[in-house]
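First come two forms of one protein chain, each written alone as structure tokens, so that there is a structure 1 and a structure 2.
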Structure 1
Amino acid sequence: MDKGKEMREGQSENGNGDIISSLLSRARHGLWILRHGRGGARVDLLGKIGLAIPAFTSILIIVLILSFLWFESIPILTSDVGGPAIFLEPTWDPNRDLYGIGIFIAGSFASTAIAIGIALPVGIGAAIFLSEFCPTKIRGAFRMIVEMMAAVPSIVYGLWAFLVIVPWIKESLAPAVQSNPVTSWIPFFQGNTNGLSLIAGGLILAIMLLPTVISVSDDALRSVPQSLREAALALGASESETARKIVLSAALPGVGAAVVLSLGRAVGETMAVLMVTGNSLQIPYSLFDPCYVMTSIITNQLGYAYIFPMWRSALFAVALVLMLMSICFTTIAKIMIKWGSKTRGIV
């Protein structure tokens, strides 16, 4: 046991050289300490081993989850009813062995695009106000409210959206834009609606994204050195010009990372979107069409799909898409942060 741990130890620490002899000497040294060492040394070694076990367990769990989705989705990706083409197929009908997950990807993209389109300008504007212009007395209160918004459970957002936003869309928003000659001709506003629609999902997602965008962008804006602001003001720029053109562009990598991360959250949001998008198997062509997103199909059908291998595997292919998107977003955010620290010296 101890020997095994010691060997793994050595492996991770000495990438090259004569590994075997170094491992053996380390193991022998460890055993010698265990047998003859004084109290302190023995406790030291045992503590190191005791900490290594949870470390390897948690790393194992992380690796297990990441690889599990891949193994579960292999059957559909290699069978003749599915294949990699399911990512583009628009027909989902497990009764006829049609497992096209294209509509879910389209639904997720559409609702995420609406959400980010709303949350991006509002969130960045709010972050600029919070870090640049906000009176100090109320700044703490605003920051606290934003933090609290991030902590609200998604089921509570979903409850509120289901009972407030959905009826509002049905009774106010849809009649207003559809009876109005200025907007009624726009194809995005066509179609009857009962309120459960793409725009409802986009709105509640935007509300849920705002705290992430605001607090992360606020952190990025705050870490811009004061001297940049002073230099811009001394050259005669007005305060808002300084904020928009100097501070924002200096903090661009951090703000970009905030946006990318919130994109990942939007794609992965489950309960609130499930409750308001109407869950209809179609590609939304208008803002008032119902749609079906990737997380909803897993939530709704995994329970029935469990005993059908292909069906279940198709649902895990959806989960795989979610995971790959998550990996993409995390990587892009990391690259942006790295770019920021390389070009600007700040995050």
Structure 2
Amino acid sequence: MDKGKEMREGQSENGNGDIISSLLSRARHGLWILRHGRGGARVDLLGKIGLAIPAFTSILIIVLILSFLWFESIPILTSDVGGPAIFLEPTWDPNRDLYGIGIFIAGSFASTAIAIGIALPVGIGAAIFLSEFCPTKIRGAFRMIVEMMAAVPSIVYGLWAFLVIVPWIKESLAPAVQSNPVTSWIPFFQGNTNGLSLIAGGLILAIMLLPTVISVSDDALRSVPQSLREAALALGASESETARKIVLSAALPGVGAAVVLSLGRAVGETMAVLMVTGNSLQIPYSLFDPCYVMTSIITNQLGYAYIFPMWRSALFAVALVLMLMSICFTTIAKIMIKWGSKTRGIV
């Protein structure tokens, strides 16, 4: 056997052994304190146990949800009418045992991409204004308004979009871009629309993402040491150059985390998107085509599908994909923050 491999295996075994030994030692020490300890030592131990319970409960809940979704998804993923290919197939027709969920994944990704494409520059621009240029007297009011936007229920956003954005797309946006010689030839602007469309879902999602992007980016920008700003200004940089090249650069990990967290919010949003995207079983090729996202299909059909094992299992497979995507986005955000903090000497 390769000597390096032997050493690595030995270190791994020693590492595992050290961890187990440390845990056993802590457990024995804790039992001794419970039996013989008095006063502060026992109170400290009971406090640590009390704080550890919610932490381990959170982990247990995530594991149980994933296990439950996986267990419910097994019938469709191991069936002859389903299998792993359902993640790529574009046809959903439970009456014919066709359970392709690719159209829902495509609809979710397309609406999310539009939302991120709009919310990212607008949100980061607003965060830079709040952090670097906003007068102190009105900064608090702006931040309070942003926090209020985050507290608005998604159903309210959906109703507003249904009454305002959808008619605007039908009566103003679509006719304007389809009659303009500059944009009328672009494939993304083709097709008739009643306003219930992919672009409607993307726009309302972008508005809903703005509070997250602005708040997290603002926190990241404000965490940049003031000494960096002063040094840049002392070297002759203007305020806009300092904000763009120094502050934003130093805060990039936090801004990136805001983007990734927004992705998770956008993919998992349900009610507002359900009300404005048209819920049509097709892959959208134009911004004015209707679409169907993953959350909407679960909300609309789970009640009917619950007594049909394959149909129900396919919907749980959609939920499993959503859960895994959310976990991936959160993990990427954590890695970006950790990497950015290390590379910039923050930790």
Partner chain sequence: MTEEQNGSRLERINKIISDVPQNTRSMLHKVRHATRRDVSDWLFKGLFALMILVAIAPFFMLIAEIASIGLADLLGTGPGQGIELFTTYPGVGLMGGVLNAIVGTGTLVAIAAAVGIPLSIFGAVYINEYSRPGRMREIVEFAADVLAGIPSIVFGAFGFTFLVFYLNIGMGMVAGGLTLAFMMIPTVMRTTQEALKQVPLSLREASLALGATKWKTTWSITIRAAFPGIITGVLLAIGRVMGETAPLIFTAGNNLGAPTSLVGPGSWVASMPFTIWAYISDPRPYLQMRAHSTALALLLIVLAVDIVANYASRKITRRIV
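Throughout, rigid core stands for the largest set of C-alpha atoms superposing within 1.5 Å between the two forms. Just so you know, these numbers come straight off a predicted model, no measurement behind them. The first residue in the sequence of structure 1 is number 1, and each one after it adds one.
Of the two forms shown, the one predicted together with its partner chain is structure 1, not structure 2. The two forms, fitted on the rigid core, differ between structures 1 and 2 by less than 2 Å at the CA of Arg312. A movement of the C-alpha atom of Ser25 reaching 2 angstroms or beyond is seen between structures 1 and 2 when the two forms are aligned on their rigid core.
Overlaying the rigid core between structures 1 and 2 leaves the Cα of Leu60 displaced by 4.1 angstrom.
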